[in-house]
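Encoded as structure tokens, the following chain is the form predicted alone, with no partner shown.
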Amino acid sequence: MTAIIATTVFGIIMMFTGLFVDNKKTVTSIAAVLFLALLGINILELSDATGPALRSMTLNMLGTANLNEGGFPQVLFNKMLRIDKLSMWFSTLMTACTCLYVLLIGKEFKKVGTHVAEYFALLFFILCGLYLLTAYNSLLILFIGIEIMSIPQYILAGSDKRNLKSSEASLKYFLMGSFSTGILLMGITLLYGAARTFNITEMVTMLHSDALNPLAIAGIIFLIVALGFKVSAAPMHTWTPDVYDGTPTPFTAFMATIVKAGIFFAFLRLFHVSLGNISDHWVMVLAIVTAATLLIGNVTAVFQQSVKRMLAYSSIAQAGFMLFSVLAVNSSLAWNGIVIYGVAYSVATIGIFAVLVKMKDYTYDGFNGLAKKHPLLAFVTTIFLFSLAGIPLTGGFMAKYYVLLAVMQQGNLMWLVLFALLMAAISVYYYFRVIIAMYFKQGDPELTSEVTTTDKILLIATAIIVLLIGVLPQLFLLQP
């Protein structure tokens, strides 16, 4: 709970920083310090090291000091929030990924516009929404968390006022997001009508597979559509390429990684905790959505000429793999799968965008000869692409291994696992096109900014993390 309060306070601090500090470099440094402080708060809260006095004070402020004071899980706000160790661990990892993102890409915000402090403030508010999505115990908090996370993204998408594509991306994202929110609310309403409660843990006893209320079935389908839009699952994905392509590149990196991972955790929490015992009514629907997402994302990515747009379709394909964790209702590996996948995908994609944001030309030809002119950039980009493709010894391989193994343990969707492996083979083609351009084609790639020694150190560290996830994935899993 302390982290939720802290990220809100830090966001407000950044808003006031924008009023009193004009130097953009100073603003970026203040933001980096606050994000690192937020990471420290998450770590302290997770390790239960904040101290009884501070925890007691926080709980007293909330009027919930009698609810499991100082321990896990913490049940707050009339059982609307349930903060357990897994949700805190995932929040901590996503906060760490955000710190990496800010250190690698944060200084590029000044190229987007003049309101650098406000951009960082919006990132803090997005993280607040993410924390709610990892700990919600009520469908009302699910809705609030998604809206807190979504509205700042609409603003960030249209932040480049000099680019018409940015305004178009913002408008399209806002309209489609509003439409999907209506569908989400309709699904919540129908599910409430069937279960007579918003509490996702209490729904388990109210919903029974042998006599399921038609309202519940309709509500589940509405929720699949609404959450499918948020995670770019087909056929609700159509907004993704245009929005990601039009959004300023520094912000696309955040929207495509940490935001998506947070919503997937919420997706998993809802369908496993409250709807797991009636999975036979929705698994096949979600399996078809997963297959369509894998097919459309991978096949369409093959025909893209812009690396940035290819990564947009790649994010759709990656969403297809993350959906496997939702399908694996009866497997204990599903939660580990979404944690590993969220971290591995986020770190590798942030690394690629850290390179892409420095490129003048986003097409494949813009990468021609990069290995000869900037060998370090080409090397780390290769590692990141290997991870996204699922090559062994990288985080992406272990991420795919966990989610596919989770579904295989159920034994009823083997056809989908085989189809996913075929789609993974197709993905190798468009990822390796970048590698071929960097190492085997002649060209003179231009950069928009200098690659500093700090940039090189951070990129090498990011590549090491990707390899570490592939070799020692247990380091990123919550230990019992």
Partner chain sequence: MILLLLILIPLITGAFSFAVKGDAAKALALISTIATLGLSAYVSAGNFSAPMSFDQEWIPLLGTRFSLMADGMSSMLCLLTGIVMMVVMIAQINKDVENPGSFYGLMLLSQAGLMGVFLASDALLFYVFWELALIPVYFLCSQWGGEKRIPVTFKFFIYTFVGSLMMLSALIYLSLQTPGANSYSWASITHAGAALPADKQQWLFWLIFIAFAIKMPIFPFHTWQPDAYEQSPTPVTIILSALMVKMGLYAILRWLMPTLPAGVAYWSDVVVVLSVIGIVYASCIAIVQTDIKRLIAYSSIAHMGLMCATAFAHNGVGMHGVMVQMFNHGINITGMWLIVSMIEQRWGTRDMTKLGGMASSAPQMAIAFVIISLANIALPLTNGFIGEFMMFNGLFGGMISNHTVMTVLAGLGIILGAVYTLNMIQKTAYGEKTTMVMAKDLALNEYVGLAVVITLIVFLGVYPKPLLDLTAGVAQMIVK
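Numbering follows the first chain given and starts at 1. Keep in mind the model is a prediction, meaning the values are calculated, not measured.
Keep in mind the form predicted in complex with its partner chain is missing from the figure; the text below concerns it.
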Which of 181-189, 244-252, 396-404, 302-310 sits within 4.5 Å of its partner chain in the predicted complex, heavy atom basis: 396-404
Of the options V451, A32, I43, I436, which one has a non-hydrogen atom that comes within 4.5 Å of its partner chain in the predicted complex? I436
By the heavy atom within 4.5 Å rule, which residue out of V471, V21, I460, I12 makes contact with its partner chain in the predicted complex? V471
Heavy atoms within 4.5 Å of its partner chain in the predicted complex: does Q409 have any? yes
Whether A389 contacts its partner chain in the predicted complex should be assessed with a 4.5 Å heavy atom distance threshold; does it? yes
So in the predicted complex, does L477 come within 4.5 Å of its partner chain, heavy atom to heavy atom? yes
Considering non-hydrogen atoms and a 4.5 Å limit, does its partner chain approach N199 in the predicted complex? no
Residues of 428-447 having any heavy atom within 4.5 Å of its partner chain in the predicted complex, listed in sequence order: V428, Y429, F432, I435, I436, Y439, F440
